[in-house]
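Quick heads-up: it's one chain on its own, the form predicted alone, in C-alpha cells.
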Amino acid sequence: MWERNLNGKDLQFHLSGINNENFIMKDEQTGSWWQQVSGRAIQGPLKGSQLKRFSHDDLTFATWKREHPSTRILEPDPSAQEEYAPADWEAETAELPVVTPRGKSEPLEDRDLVAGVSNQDAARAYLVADLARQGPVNDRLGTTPILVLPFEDGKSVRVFERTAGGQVLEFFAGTGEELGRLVDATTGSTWDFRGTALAGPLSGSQMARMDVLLDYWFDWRTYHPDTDVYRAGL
C-alpha cells in the first residue's frame, strides 16, 4: 500500500497490465508506469520515482473487525458484477506458470506463501506454514531485534521491533490465564497482538510496528534478490 501523493501532487492510478502476476499501474497525470510491489515508477516521465509506503495490516476480517468495530467495508457494485474475478480466482491463478527463472538451490517452492520483512540491512522470508506451527519468532534482521507474530493459525501476521523501556525483549505465547496473549521473558509483562503491554512493569508500552508482506516466494525473491529464508534453530 502506497501514498499516492508525490512531490506535493496527488496521482490517480489504474491497472495497466500484469507482469509475472504483479500489477503494473499507470498514473493518469503523467502516464508513467509503476510496479505494484515496489511502488517505483519503471517507465515514463516519472521513471525512478518512489512512492512512500503506507503502513497497513494483512489480517483476517475477523481480527480487523474486532479491533475496529466501527469499520466500513466497500461492497460490490451489482451493476458491474460480471467484471469481478470469480470466487476461485486464487486457485485458478495458482495454476499459471511463473516466468522468473528457478535456481536449483531454491529453498522454497515458487508458490509457497511467505511473510516477507525487510529493512536497510537485510531481507528475510518466513514460511507462513511454519509460522502457524511455531508461534512467536524472536529474531534479528540485520542489527534490528524483531518479533514475527503469527496468530489465527497463521492467517494473520504482524512484525514488531521487540524493544521497549530501553530493553530487548524475548517473547513466548501465554498459557493458562495468559492464553491468547504474549508474555515477555525479560520483565514478565503481558502483551496483546497489537504490540501493547497490558500488564506488568512495561504496562502501557508500545512496540514499533514493521511492515510485513504476505507474498508468494517467487515474487518476494524477484524484488528482494538478497533475501534469505528463516529456519527455526539455525
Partner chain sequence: MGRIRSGAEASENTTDSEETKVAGRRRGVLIPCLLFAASLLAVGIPVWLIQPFRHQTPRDLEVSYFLRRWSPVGVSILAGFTLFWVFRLWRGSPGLLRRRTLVLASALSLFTAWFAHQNHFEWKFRPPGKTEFSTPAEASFLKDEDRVLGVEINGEAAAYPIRALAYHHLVHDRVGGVELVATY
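Everything numeric in this text was worked out from a predicted model, so none of it was measured. Residue numbers count along the first chain shown, from 1. Superpose the two forms; the largest set of C-alphas matching within 1.5 Å is the rigid core.
The form predicted together with the partner chain is left out here; the points below concern that form.
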| item | value |
| --- | --- |
| Among 159-167, 141-149, 119-127, 81-89, the region lying within 4.5 Å of the partner chain in the model of the complex by heavy atom distance | 81-89 |
| 4.5 Å heavy atom contact with the partner chain in the model of the complex for all of Ser16, Phe54 and Asp57 | yes |
| Close approach of Trp2 to the partner chain in the model of the complex, 4.5 Å, heavy atom | yes |
| Contact test in the model of the complex: Glu21 vs the partner chain, heavy atoms, 4.5 Å | yes |
| Any non-hydrogen atom of Phe172 within 4.5 angstroms of the partner chain in the model of the complex | no |
| Heavy atom of Pro69 within 4.5 Å of the partner chain in the model of the complex | yes |
| Threshold 2 Å Cα movement between the shown form and the other one at Leu96, rigid core reference | yes |
| Core-superposed C-alpha of Ser105 shifting 2 Å or more between the shown form and the other one | no |
| Core-aligned CA displacement of Ala129 at least 2 Å between the shown form and the other one | no |
